[in-house]
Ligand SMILES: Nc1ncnc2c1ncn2[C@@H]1O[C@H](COP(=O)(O)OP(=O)(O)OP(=O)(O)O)[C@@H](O)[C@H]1O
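Shown here is one chain on its own, the form predicted alone, set out as structure tokens.
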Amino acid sequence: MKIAFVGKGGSGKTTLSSLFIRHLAAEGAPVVAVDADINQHLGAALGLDESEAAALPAMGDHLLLIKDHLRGTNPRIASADTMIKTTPPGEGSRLLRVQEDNPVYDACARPVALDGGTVRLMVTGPFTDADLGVACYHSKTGAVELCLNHLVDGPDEYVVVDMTAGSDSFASGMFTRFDMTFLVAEPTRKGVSVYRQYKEYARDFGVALRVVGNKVQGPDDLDFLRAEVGDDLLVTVGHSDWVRAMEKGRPPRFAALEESNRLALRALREAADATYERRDWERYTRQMVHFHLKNARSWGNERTGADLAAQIDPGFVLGESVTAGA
């Protein structure tokens, strides 16, 4: 399952995504966690101290390695230099699995021990002084999009991505790479405005979107969210002493999380798991091709000096059945 957490800045999406990751790990599920936010806080939310979080390898720094590994022996891709963030896999491409060892994980992922299990954590890397005025953050998240395009995950395997704030996800096709998108919304006009914008942009792409109400303090907040987002509201989360302790760097054992919040996390997993039964690999592959062609025409062909449409393998459909031969 590929799961995204989105929402406006300050909504609590990093906190909620870290709680969900902890919940999955406590239940023994294999998890790859990805921090794709411009503000890199997921590592700290998972218990790393500042020096440990700062030492995490940036995926953007290993982009050439990622491209070269994923390219494999695909004859349609002449070199790693001609791959862009939307390049889809084809015959001969190497695919990634959640539970495997490979050069991409060796270079970019680090194990993080949590109550009940260990997860792999990958980060895009922070926006640096060298990037100021010459790059956008989406140049960093391109490494994540490439990996998602080449990832084959099965039931009860999880990739959880803490996305950029607001509607920035729509600057690429990455918003279509997920089985479930959880939008974290506060019970405020600004909180639900991001929901409306996200739902409008995603409307024509079959994006499964559910709302997690955060910082809900009483019936009035709940009524407000129900009136504004309707049936898309899945669960709500209120004050948590456990989260407050975690934010101070002194979290108790995860089993001490409040019962109401444990039930909310269970509901998130059940909602995400239900989407796997409806997974459409053909549509998933078509959407990859759609955004690759858009990016090729817009900037990719000129940037690489190649006809990137030629990278598309018309007979290839990503799916579990192709993993062994890819």
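Throughout, we count residues from 1 along the sequence that is shown. Computed from a predicted structure; not experimentally measured.
Form predicted together with the ligand: not shown, discussed below.
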(message) Using a 4.5 angstroms cut-off on non-hydrogen atoms, would Ser240 count as touching the ligand in the model of the complex?
(response) yes
(request) Tell me, yes or no, whether Thr304 is in contact with the ligand in the model of the complex, where a contact means a heavy atom of each within 4.5 Å. (result) no
(request) Check whether Lys215 has any heavy atom within 4.5 Å of a heavy atom of the ligand in the model of the complex, and answer yes or no. (result) yes
(message) Against the ligand in the model of the complex, would Asn39 count as a contact residue? Criterion: heavy atoms within 4.5 Å.
(response) yes
(request) Name the single residue among Glu247, Asp156, Asp81, Glu200 that comes within 4.5 Å of the ligand in the model of the complex, judging by heavy atoms. (result) Glu247
(request) Could you tell me which of 114 to 122, 232 to 240, 173 to 181, 97 to 105 sits within 4.5 Å of the ligand in the model of the complex, going by non-hydrogen atoms? (result) 232 to 240
(request) Give, in sequence order, every residue of 1 to 24 that has a heavy atom within 4.5 Å of the ligand in the model of the complex, or say none if there are no such residues. (result) Lys8, Gly9, Gly10, Ser11, Gly12, Lys13, Thr14, Thr15
